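A lone chain, given as structure tokens: the form predicted on its own.
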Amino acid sequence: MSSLDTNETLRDLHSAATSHRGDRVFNRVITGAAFTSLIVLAGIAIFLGLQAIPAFQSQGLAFLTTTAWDINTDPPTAGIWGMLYGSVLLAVIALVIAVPASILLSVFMVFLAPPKIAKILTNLVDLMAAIPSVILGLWAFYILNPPAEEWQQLLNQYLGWIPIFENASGNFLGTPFIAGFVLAIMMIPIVTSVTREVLGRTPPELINAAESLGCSLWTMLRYVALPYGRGGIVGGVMLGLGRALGETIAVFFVLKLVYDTNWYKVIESGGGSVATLIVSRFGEVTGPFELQLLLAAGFFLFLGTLVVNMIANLIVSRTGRLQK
């Protein structure tokens, strides 16, 4: 072996060693960041849990099963059942609106739109995801409310025989429908980005095979693209749902907070969520006990979001195993 070959071999070995060393450093940094995130989350959970103990001892299970919130009584009465149910109701309304819109928009961007149009739409969707919640809340309060009130009047006029579209009071402001619509607008960029990325990774040979068999676009989507990306789409939906459950400011601007349970009337004025309860009462705290009650409400909101994320991980992992 010549000296030139020896030098090249040594350089290759040095480069490989440096590369492996860089990979090890990168892996350690990523691992450290992951563990740091877990430690921070655990610290938040422990802090909220400890603060929630006195409130839970005082109220018992009634804290989760009642809707009253009156700190001035003796003994004080506080419950978050109406807020918990309201959080779920708003999330369901947002899902019903956001998921079909996101999937249709993603299909258009990936399979139908010209490349230039698809690139513009991709940039717009990414830009929408970066809009702060307070901006969306102000937009909804000043711009969305008037047309949304007319939409709800039409729903009540023509579909009022359906219980969810019934409104006996005639007041269409501050309804769960408007709040859910705002949450849907916030979810659409997240779900669309993930769905577009997943559909864009569908193997071209599968698409070409479906087209060669004479399948229409709908048939190809139904039997090829959507089943292939099902796990990623579900993950994107759950990611958007996580934002909907914890959103505060935007909902606070457009929803009339009431402590009663609005079971099913989505266009009836009044509703609530745990996050809006906390932000509305935080500035009017009457004492340390009410602060503990609000922290306890935050603790259960934290647990609910954690459960949703765990369910999302189970669904995504199970879908991935079925695809294999």
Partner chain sequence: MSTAEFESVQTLEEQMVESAAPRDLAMDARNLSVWFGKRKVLEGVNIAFPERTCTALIGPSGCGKSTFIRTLNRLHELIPGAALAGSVLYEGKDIYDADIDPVHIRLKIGMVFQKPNPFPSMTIRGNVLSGLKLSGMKRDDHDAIVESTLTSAGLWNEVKDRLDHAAGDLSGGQQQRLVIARALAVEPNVLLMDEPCSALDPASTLKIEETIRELSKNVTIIIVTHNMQQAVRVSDHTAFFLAAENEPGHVVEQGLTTEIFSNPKDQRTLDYVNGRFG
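Numbering follows the first chain given and starts at 1. Model, not experiment: these values are computed from the prediction.
The discussion below concerns the form predicted in complex with the partner chain, not included here.
Note on the partner interface in the predicted complex: the residue among 77, 219, 171, 153 having a heavy atom within 4.5 angstroms of the partner chain is 219. Residue-level contacts in the predicted complex: of 223, 141, 108, 81, one residue has a heavy atom within 4.5 Å of the partner chain, and it is 223.
Taking the partner from the other structure, the partner chain in the predicted complex has a heavy atom within 4.5 Å of a heavy atom of residue 210. Among residues of the shown chain, residue 164 is not one whose heavy atoms approach the partner chain to within 4.5 Å in the predicted complex. At the 4.5 Å threshold, heavy atoms of residue 206 reach the partner chain in the predicted complex.
The partner chain in the predicted complex comes within 4.5 Å of no heavy atom belonging to residue 131.
Residues within 4.5 angstroms of the partner chain in the predicted complex, judged by any non-hydrogen atom, belong to 210 to 218 and to none of the other stretches in 243 to 251, 193 to 201, 210 to 218, 155 to 163.
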